[in-house]
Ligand code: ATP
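The chain that follows stands alone, in the form predicted alone, written as structure tokens.
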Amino acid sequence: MKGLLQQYIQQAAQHIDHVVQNDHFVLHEREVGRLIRVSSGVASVQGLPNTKAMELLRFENGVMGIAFNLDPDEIGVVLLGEDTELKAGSRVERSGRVIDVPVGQALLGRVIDALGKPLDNEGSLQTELRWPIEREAKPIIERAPVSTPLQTGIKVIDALIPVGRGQRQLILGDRQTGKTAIAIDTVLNQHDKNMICIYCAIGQRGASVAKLIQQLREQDALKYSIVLVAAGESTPGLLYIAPYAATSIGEWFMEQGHDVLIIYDDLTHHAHAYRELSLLLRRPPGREAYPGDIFYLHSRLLERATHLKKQYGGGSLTALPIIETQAQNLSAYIPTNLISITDGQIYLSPVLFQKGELPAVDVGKSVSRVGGKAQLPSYLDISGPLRLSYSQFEELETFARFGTRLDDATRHNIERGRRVREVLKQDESTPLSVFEQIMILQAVIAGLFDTVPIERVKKAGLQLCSALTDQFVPLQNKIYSGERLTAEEKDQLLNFARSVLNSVMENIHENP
């Protein structure tokens, strides 16, 4: 019996050799494991001993997962799809590659998910290049100082809290205070400025994202933008990988020499998704139930934003992360982490929002640690006096509420400060050019708005912008090229502003 069995084995081996030699078949070794447990976006797998960290695993029903926990006896997997059809005992295979995302020029103008699949019904992506979502940040030797401004088109930010290309500027505030509005206005202001914009929606409502995409399309901003969506109803795994995937897409453009702006909206939902995954995979919890590496989660993401030296491409990646605070608590766990990681923050106050002072930027709690190095020189003559007069006004206004009798100089400073506050107000989706901002701010510092009634100041500023003519084109070019205006050129602008505002006052007297 034993000899007969050996004869069968030998005949089978000869048959396999014949088939392989004549039909050119090649046998590949595959690792196949089995699913032992699945729950709420995570799974446990056994039988894949050579799996690498962050490797993609393919389940029997086609759902992909990321090898997250590499324990001696099993692998903790983060699922990138629905787990409704997964059952204990089903097969799991290694893919041999880490989680990656498509990159390339073909992504411009498209709406994709965190895996790089199109969501806009405009066909497949015509790109074959894929980059891993987790990449090392550029070393210090390849980085250049942040020196080129990123114009947001918002007066209070460009003048007082400047942002540079390659900077990481945090936007934070309570719910419904205008955080996304500032980010989108910045995108709209990049029209014809050779800037590629990536909006990464993390945990946002689908209706809100659809409205935002429609706004970008109507403003003709989608042609230089990429929208990556991990909606609120997505699995925690997709929410987790979304910002890393968006950053890899931006890094490809940066290494081609482009300037890139990336908006993470918002990282609060990202931290919540990571906490959920960590708890489900039984990682030890720490403060507020977040895992111990929650700081590293965002630091390794935002450290990838930089400005490269010319010999390494010369591109830049500017990050505008957004987080939501609770009851104006800036000292909460995630806000303090991100404040310490980024190069400054723009804080939006719900008190200012309720007063109608939009954008509701609290100048006292906002800061840019790059400062004037990322600002056009023409702003430097304005930003110092503007910040000083505004901060003095806020203190005096609080003091004046006690009904104290004020001297003439104090009353004058309060009236000037009220007009500065009115001038800094700006409607949504109305970004202003650098020259328009400098014209208005220079006029208010010089006191040209002092005679204009408070309720007419905002409208008078818009009339001043609309009155600008082609005679100032040489001055505009000088400002954009990074040169400072001479005293005579400043007087020329102030004389023009004075004449426009005088005509505005005449109209007010004729038509009160």
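As the structure is a prediction and not an experimental result, all values here were calculated from the model. So that there is no doubt, residue numbering starts at 1 and follows the sequence shown.
If you look for the form predicted in complex with adenosine-5'-triphosphate (ATP), you will not find it shown, but the lines that follow are about it.
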Taking Asn189, Phe435 and Asn477 together, does each of them reach adenosine-5'-triphosphate (ATP) in the predicted complex with some heavy atom inside 4.5 Å?
-> no
Close approach of Gln311 to adenosine-5'-triphosphate (ATP) in the predicted complex, 4.5 Å, heavy atom | no
Contact of Ser90 with adenosine-5'-triphosphate (ATP) in the predicted complex (heavy atom, 4.5 Å) = no
Might Arg168 be said to contact adenosine-5'-triphosphate (ATP) in the predicted complex, defining contact as any heavy atom within 4.5 Å?
-> no
Please run the contact check for Ser383 against adenosine-5'-triphosphate (ATP) in the predicted complex: heavy atoms, 4.5 angstroms, yes or no?
-> no
Of Gln219, Ser331, Gln176, Thr84, which one comes within 4.5 Å of adenosine-5'-triphosphate (ATP) in the predicted complex, counting heavy atoms only?
-> Gln176
Of Thr342, Ser225, Gln426, Thr235, the only residue with a heavy atom within 4.5 Å of adenosine-5'-triphosphate (ATP) in the predicted complex is Gln426
Hey, of 253-261, 122-130, 177-185, 141-149, which bit sits against adenosine-5'-triphosphate (ATP) in the predicted complex at 4.5 Å between non-hydrogen atoms?
-> 177-185
Which residues from 308-329 come close to adenosine-5'-triphosphate (ATP) in the predicted complex, meaning a heavy atom within 4.5 Å?
-> Glu324
